[in-house]
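Only one chain comes next, encoded as structure tokens, the form predicted alone.
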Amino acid sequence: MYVAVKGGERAIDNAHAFLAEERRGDMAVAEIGTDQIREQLRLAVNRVMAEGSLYDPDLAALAIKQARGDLIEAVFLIRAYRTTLPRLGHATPVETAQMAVTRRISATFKDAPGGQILGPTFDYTHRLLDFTLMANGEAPNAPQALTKASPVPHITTFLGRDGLIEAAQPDDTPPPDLTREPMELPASRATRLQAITRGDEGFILSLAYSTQRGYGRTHAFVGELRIGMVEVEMDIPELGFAICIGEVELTECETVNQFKGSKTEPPQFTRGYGLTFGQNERKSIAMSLVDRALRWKELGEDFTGAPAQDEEFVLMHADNVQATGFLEHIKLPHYVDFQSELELIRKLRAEAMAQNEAAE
């Protein structure tokens, strides 16, 4: 017999209490604070903000603590909280060219105007465990204080001067809000970029990797990767001009891709674009590769059947909150469904045995 598990609300309450106990861990160990998560697990905080579509390091740190470090669960918490916030207005488009950069590199131009700024990166570290980090009171060797960087031009502007890269097409049409409007296919590039930005980093990374292995006709160079603070401005009707209401940290990536030309376009480089909250460079690079792969139709290229070129496949499977909900629902009670299938299997087995006995 297959019967329902009994216990009801009391069992659920006990499960919640058990969860809180497991989250706290050994009481002899000092409790981790959200300020520690915010400052020392910043990359995890940045990922939660990017995929949760809410720039608030404190709330992202709280979500990570509440979720016991499960970043997808933390993203879910942030998105749920985001739906309770009032919409007070719309900011003007941020000017990433005015970014106060802390990291800015180019794989295409060694002597890029404005210079290469390595910034905080794992790129040059040895992948060996540093056991000194386990020592109490360990302090980093602090570098000299950095002065606020001056804005530096985008690398692709220099290619654009010679007509070697497709021109950026200005579009004053207000982009759709994916958090408030259901996605429709085929989707505009603005919608696709929103979906990929909110998409699961691992999924987008795998798709980007597939394009590098030949599934999508994308041979990309990182034209520029920049990380830094950008002012957010908002138009105030009463004042008649925009004012700065704060700053956000962004990671922006522009890739330069080979393009042999089409019936309407000459041979030139094309663009892939990625933009995320916080220092999130792996995601922004992967995003730019997937963005470029999805542009095959507008560039007049052939569809090769690559997953990264399939708009429906990419956009309908990128969201980790939606994927988690659909995946984890199968662990919820399906007693009636299972009983019906169990009876069907028994009936089919009985019929098959009867046929075998008749044949003998």
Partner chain sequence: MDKSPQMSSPAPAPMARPDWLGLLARSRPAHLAALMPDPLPDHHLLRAPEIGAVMLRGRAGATGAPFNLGEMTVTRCSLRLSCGTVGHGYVQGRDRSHALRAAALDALLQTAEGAALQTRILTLLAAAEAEARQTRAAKAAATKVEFFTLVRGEDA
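Numbering follows the first chain given and starts at 1. For clarity, every value in this text was computed on a predicted model and none was experimentally measured.
The form predicted together with the partner chain is left out here; the points below concern that form.
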{"property": "Heavy atom of residue 110 within 4.5 Å of the partner chain in the model of the complex", "result": "yes"}
{"property": "Heavy atom of residue 282 within 4.5 Å of the partner chain in the model of the complex", "result": "no"}
{"property": "Any non-hydrogen atom of residue 53 within 4.5 angstroms of the partner chain in the model of the complex", "result": "yes"}
{"property": "4.5 Å heavy atom contact, residue 171 and the partner chain in the model of the complex", "result": "yes"}
{"property": "Joint contact, 82, 118 and 250 to the partner chain in the model of the complex, by non-hydrogen atom at 4.5 Å", "result": "yes"}
{"property": "Partner-facing stretch of 67 to 75, 125 to 133, 186 to 194, 207 to 215, counted where any non-hydrogen atom is within 4.5 angstroms of the partner chain in the model of the complex", "result": "186 to 194"}
{"property": "Those residues of 69 to 101 which, in the model of the complex, come within 4.5 Å of the partner chain by heavy atom", "result": "81, 82, 85, 86, 87, 88, 89, 90, 91, 92, 93, 94, 96, 101"}
